[in-house]
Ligand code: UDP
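What follows is a single chain, given as structure tokens, in the form predicted alone.
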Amino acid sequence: MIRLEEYVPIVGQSVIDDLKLIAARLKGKTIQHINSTSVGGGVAEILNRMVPLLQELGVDTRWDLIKGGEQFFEVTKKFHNALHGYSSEITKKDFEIFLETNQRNINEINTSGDIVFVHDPQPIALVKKKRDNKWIWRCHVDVSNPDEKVWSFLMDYIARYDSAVFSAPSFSRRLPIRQFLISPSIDPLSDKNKELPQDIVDAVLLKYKIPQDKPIITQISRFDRLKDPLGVIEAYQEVKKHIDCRLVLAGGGAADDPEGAMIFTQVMEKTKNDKDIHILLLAQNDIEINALQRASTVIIQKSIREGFGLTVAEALWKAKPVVASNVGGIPLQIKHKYSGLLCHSVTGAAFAIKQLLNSPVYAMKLGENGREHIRNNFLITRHLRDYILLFLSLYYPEDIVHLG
């Protein structure tokens, strides 16, 4: 595993010393993270990196998963879409399935941590087990315009927590409990983000038969309607009329997302007649994702809704010019025309891509600015500090003046 001292060349010794100092105040406290999957998606990715680092800091940390079947994850996907503002026919039976699964997990999971840190809606009802310990609900999705029926249902549980955490200011809601703003982060030393020699990049392109004879536009994302892969294809097709280029759509699925196969089929159908479109279904291969991003001329993230969009931070960390939708947490990462270009439509995305392909010096400058913006704001060391201060705020609220 990566050690804290290995981050010193990137963030400086003082940052690591500060982490050790504040973590010492959590001595004797146990932190228990709970979510629905260990692979796929940003939550699992962050916890896989963060839990060992917290343990190295001397913070007693563990990570538990709830169990759910196919029906449960179909329901929680409906919840996910509804919270993002998409109308979804959610029935009484759906709510019953959700509650039945949560009740089974309430019976099975030992929630004895001093601080129980619950991630997203899937395990939210576990708070019914709250006794004399502290509970935090972490919302990773965009709830700026949720379906009111689902939000009202969840509020019955959110109100029982001690604090809630959101990723962007626009997600904040009127709540009877304290709220914190903590943006997600990337790990610059993970396989997905570390520096790669050119021969590895070349080998990955060769493996997937992607020639380097023309500019490469890439979106790395789950095959999810909210990531709008069909819209990405349409933007590429508009660019292609003016500039010869290739499109790479690469990603995998998450264990708690049953819609992925259907969206993947739609993408394959829409692209079957274009030899310059490369559709890659990657099985959590972070080195390959890293290589594909580094080989790209422009990275796109054309989400319709987005909790935060860590793929944007990953691309910016590699100093790549990025075109991304002005939704969710993406505007926190991209300052328009400084660290990337924001768009609002397929036409806008196509225009921005053409601008970058026609102005390589400008594209390079955006990428350089983007890398420094990520270094200063969205690396895992900052995220660790915010979480430690959050934990301390539950016990020493008078000492925590600012967080986020």
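Start at 1 and count along the sequence shown; that's the residue number. In this text the structure is predicted, and so the values were computed from the model without any measurement.
Absent from the display: the form predicted together with this ligand. The rest refers to it.
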Check your understanding: Can you check whether residue 324 is within 4.5 Å of this ligand in the model of the complex, heavy atom basis?
Key -> no
Practice item. Mark residue 178 yes when one of its heavy atoms lies within 4.5 Å of a heavy atom of this ligand in the model of the complex, and no otherwise. Key: no
Check your understanding: Is there a heavy atom of residue 142 no more than 4.5 Å from a heavy atom of this ligand in the model of the complex?
Key -> no
Exercise for review: Please run the contact check for residue 251 against this ligand in the model of the complex: heavy atoms, 4.5 angstroms, yes or no?
Suggested key: yes
Revision key, fill the gap. With a 4.5 Å heavy atom cut-off to this ligand in the model of the complex, the contacting stretch among 375-383, 344-352, 42-50, 58-66 is 42-50
Check your understanding: From the list 235, 298, 316, 220, which entry has a heavy atom within 4.5 Å of this ligand in the model of the complex?
Key -> 220
Revision key, fill the gap. The one residue among 286, 162, 74, 274 placing a heavy atom within 4.5 Å of this ligand in the model of the complex is 286
Exercise for review: Taking only heavy atoms into account, state which residues of 8-29 are within 4.5 Å of this ligand in the model of the complex, ordered by sequence.
Suggested key: none
